[in-house]
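Listed next as structure tokens: two forms of one protein chain, kept apart as structure 1 and structure 2.
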Structure 1
Amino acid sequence: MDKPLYVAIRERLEQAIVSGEWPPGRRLPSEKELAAEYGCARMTVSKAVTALADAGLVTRRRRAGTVVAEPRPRESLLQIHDIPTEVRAAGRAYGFEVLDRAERKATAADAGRIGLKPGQPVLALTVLHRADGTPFALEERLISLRAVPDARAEAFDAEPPGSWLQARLPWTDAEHHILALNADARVAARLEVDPGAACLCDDRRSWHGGTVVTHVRLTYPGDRRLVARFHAPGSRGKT
């Protein structure tokens, strides 16, 4: 695996948190205990736990120790952005259907969207996400089959492509372009909104290491909110 020890420690802790094994409020072992557990210096675990705190997964206070943070509000977090998780977190039933699927060589238009050279094999998918049966988001995705050859054989019947991809090839970098559009007839029909209604588009490109993996355009009804939080580098931040 070859990854730095502090990354491995961070991932193990992260896994315990996101899987729910350690629920919000659960206290983590102290740095000293973690150092003993992993047989390393305290600074190494400190680096791992500090990264979790920067990511907002845990809260650290002197004497009180490090505890798993309450999950942030119900809105879509731009950083995470797994639609099934988002819908279920709002207490709604999640469903999806693959409306269209095509495997092809990237056209010039595709190439511009995904950031690959024309001619590279891609998988194009259109997916509708639903919450309590109501259209929630329309997803138009391109997957680089060079980066993810397994996608060719995947039916995407158990999991939508975003979640499937995240499990196999988690992104290391993502770029979102966000814009507002008036719904055209096609989008209005899919999302069951009035033609001309303002919709929010999130064009997202994801990399794994230096490789472009996927491009997705998510179109939401306009009253949906995207939420992004930023923490100025090096500052201690708010409570």
Structure 2
Amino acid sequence: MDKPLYVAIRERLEQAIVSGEWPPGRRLPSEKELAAEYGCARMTVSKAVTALADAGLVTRRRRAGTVVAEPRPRESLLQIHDIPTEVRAAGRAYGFEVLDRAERKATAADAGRIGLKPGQPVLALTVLHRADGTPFALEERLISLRAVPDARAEAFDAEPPGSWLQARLPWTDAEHHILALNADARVAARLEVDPGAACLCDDRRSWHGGTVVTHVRLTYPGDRRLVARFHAPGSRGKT
């Protein structure tokens, strides 16, 4: 199945931003100009630009239009990073595969992770993200079907679940737990590493308003690093 046009437009614009072709502060073409360029309705372009804004890549300003956002390193560990954007920003080819997909009633363990009562409906997904064909991250996600009923009918063949959710129900709050672990046989097989290999795990929940939308565990091979640079208040530009 071909990806929706708005996804293709978003990816083209995103690539221009993450590659540095469009630096921070650069004004994007207007929605009217983009619609003419891609031969589509302005609503389609608006959906693509909204997804970029939700991901923090652009800022919409009244009268000034839409501009490429300034990077926010102070928040880099706290934000939910979009894996396709992250992979492409490194100059690598992105791909993903849905390994498992099941709609079920929440177990007691599910309920504790996603804030539902046992028996309420959830969608469980396992997704493998690749960079240049090599496993980049294993995603194990629960989506509350009470919060996002449209996920029930979504195949996730055009874009991965995290990007899909952010475009439709942007997170307002998130809780991260970063931990190191050793890959069990199942995770090792999917990440193509040896059993017991060191991995880095980002275990998190995200909310929209006061409602938990999703819980996800992202497991990365052990060469993964999380880096952030901080400035003390009032010290920017000083040594």
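We call the rigid core whatever largest set of C-alpha positions still superposes within 1.5 Å between the two forms. Computed from a predicted structure; not experimentally measured. Here, residue number means position along structure 1's sequence, counting from 1.
The form predicted together with the DNA corresponds to structure 1; structure 2 is the other form. D54 is among the residues whose C-alpha shifts by 2 Å or more between the two structures once the rigid core is aligned. Fitting the two forms on the rigid core leaves the C-alpha of E31 displaced by at least 2 angstroms between the two structures. When two forms of a protein are overlaid on their rigid core, residues whose CA moves 2 Å or more are considered shifted, and R12 is one of them between the two structures. The shift recorded for the CA atom of W22 between the two structures is 6.4 Å, with superposition on the rigid core.
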